[in-house]
Ligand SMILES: Nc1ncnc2c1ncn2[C@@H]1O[C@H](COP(=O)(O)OP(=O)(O)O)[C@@H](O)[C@H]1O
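Read the single chain below, which is given as structure tokens and is the form predicted on its own.
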């Protein structure tokens, strides 16, 4: 693990946004800046952190963690479904095939948990027993494992709006997806999740839930895009403490961005209104947890250098 003072030193160099017009047409996501040029897309992971569908602040080394972790998982799952990756010219940049994104996110949940309005536990507590077409039994407790993972597709919200968890039937009604396309990505999502669970378990980690995005290549192939099994798209718990904490009703020990999300919720912020000021020590601790997640889940050491991320990217991309 890189030392805390190194994370602290990176605070002024966080990548908040990019402006590289020579890379092509720009699209800004919550976390990634995308540039499209011909049949290529440059995905630059900024250090922005989003929670409750809002961009909250920047976190040191976060973009590098996301890119390197997605790289690890794309490699581990390419036998299940193809992905968009062409190359990684920089620790925060992925060059991929330009795809047309499918209009939903596929969310797979192995446990009933969460604090947001789209989460399974939030809805279950309010009495919902049919969640996105999944009939849930009475008597479930927070953080309990489902008998088998469930799929809860989500719409993709515009900037500032909230995603919405809906059923297969609603997805087919609301979008241009065909039943065949939906069933293909549903099957792929469950296989990807099961692979993630298996690999994470070897490291003593539980992959609790996650989301996947898919796109159509210029030749019409459906591939995995964006990211996979990162702390932004997934929830991770420590396996050795799960049973004890679940039995006593304690919250699970987490290694994901839930730390900052809960810090915000404790201060009354769940997406609406003014975002609280995030102290540097909270940013540093959030960064430490992202780096810890990378090292624990992949089993690899995270290597990073303090410095200007924008200049490094320009140098590595020759712009």
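Bear in mind that the values here come from a model prediction, so they are computed numbers and not experimental data. Positions refer to the first chain, counted from 1.
Beyond what is shown, the protein has a form predicted together with this ligand; the following relates to that form.
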| property | result |
| --- | --- |
| Heavy atom contact within 4.5 Å of this ligand in the predicted complex, the stretch among 239-247, 112-120, 220-228, 180-188 | 220-228 |
| In the predicted complex, the one of 166, 197, 97, 150 near this ligand [non-hydrogen atom within 4.5 angstroms] | 97 |
| Option touching this ligand, based on a heavy atom within 4.5 Å in the predicted complex, out of 260, 278, 31, 284 | 31 |
| Residue 71: touches this ligand in the predicted complex, heavy atom cutoff 4.5 angstroms | no |
| Non-hydrogen atom contact residue 82 with this ligand in the predicted complex at 4.5 angstroms | no |
| Any non-hydrogen atom of residue 291 within 4.5 angstroms of this ligand in the predicted complex | no |
| Close approach of residue 101 to this ligand in the predicted complex, 4.5 Å, heavy atom | yes |
| Stretch 33-60: residues contacting this ligand in the predicted complex, 4.5 Å heavy atom cut-off | 34, 41, 43 |
